[in-house]
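A single chain, nothing else alongside it, follows as structure tokens in the form predicted alone.
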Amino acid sequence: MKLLYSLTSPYARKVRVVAAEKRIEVEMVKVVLSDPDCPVSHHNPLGKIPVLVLDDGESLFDSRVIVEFLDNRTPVARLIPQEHSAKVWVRRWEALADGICDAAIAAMHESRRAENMRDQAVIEKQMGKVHRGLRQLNAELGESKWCVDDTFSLADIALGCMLGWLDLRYKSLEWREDYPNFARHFEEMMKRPSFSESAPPQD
């Protein structure tokens, strides 16, 4: 198997962390989506990463599908609970963490448009989603070490990847000061080699 990814994608990082935690051998293929010869569109018609290309040539996307595939590939270090209620809450955390990234990326793209084409209302709407999502997750984490049932899971990986991406692209948010529960959780995540070794390069 090989994973098409970029160093800065929070969604691809989530898959990389899961593969490392599960000790699954995956060939990592770094791509640049803007390159004319980028192979991603040959494997994902949406042209998005991450893409997991299987040994038989079939491909899986997006990150939520890939991590479920990897987690079920081996019973070692289960990251998605098998018990239904816990599984739902882990996937809910993942959905909200990914959704915060989606909104922040949309705001970033809008802010990079030429000034005469930029719509400030779009930026504010998307950033409103980011702030509401952060407040919700910070409150739900509370004083707990891990996101769901005090057990390390995909929820923690998704949260950590989202916060790491905000560190990269939205330094002005200063989430460590506003959300101390996140700061404590992120520090714990950075102790894990799977997470620290997949950190995006800082600009």
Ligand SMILES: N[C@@H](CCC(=O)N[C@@H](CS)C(=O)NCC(=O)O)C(=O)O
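Everything numeric here is computed off the predicted structure, so don't read it as measured data. Just count from 1 along the sequence shown to find any residue number.
A second form of this protein, the form predicted in complex with the ligand, is not displayed here; the remarks below concern that form.
Participant: Y11: heavy atom within 4.5 Å of the ligand in the model of the complex?
Facilitator: Residue-level check for Y11: yes, a contact with the ligand.
Participant: According to a 4.5 angstroms non-hydrogen atom cut-off, is D167 in contact with the ligand in the model of the complex?
Facilitator: D167: no, not in contact with the ligand in the model of the complex.
Participant: Looking at the partner-bound form in the model of the complex, is D62 within 4.5 Å of the ligand by any heavy atom?
Facilitator: Yes, D62 is a contact residue.
Participant: Please tell me whether any heavy atom belonging to G47 falls inside 4.5 Å of a heavy atom of the ligand, as the geometry stands in the model of the complex.
Facilitator: Looking in the model of the complex, residue contacts with the ligand include G47, since a heavy atom lies within 4.5 Å.
Participant: Which of L33, M28, L54, A139 has a heavy atom within 4.5 Å of the ligand in the model of the complex?
Facilitator: Among L33, M28, L54, A139, a heavy atom within 4.5 Å of the ligand in the model of the complex occurs only for L33.
Participant: Out of the stretches listed (62-70, 131-139, 169-177, 145-153), which one is close to the ligand in the model of the complex, meaning heavy atoms within 4.5 Å?
Facilitator: Comparing against the ligand in the model of the complex, the contact stretch is 62-70.
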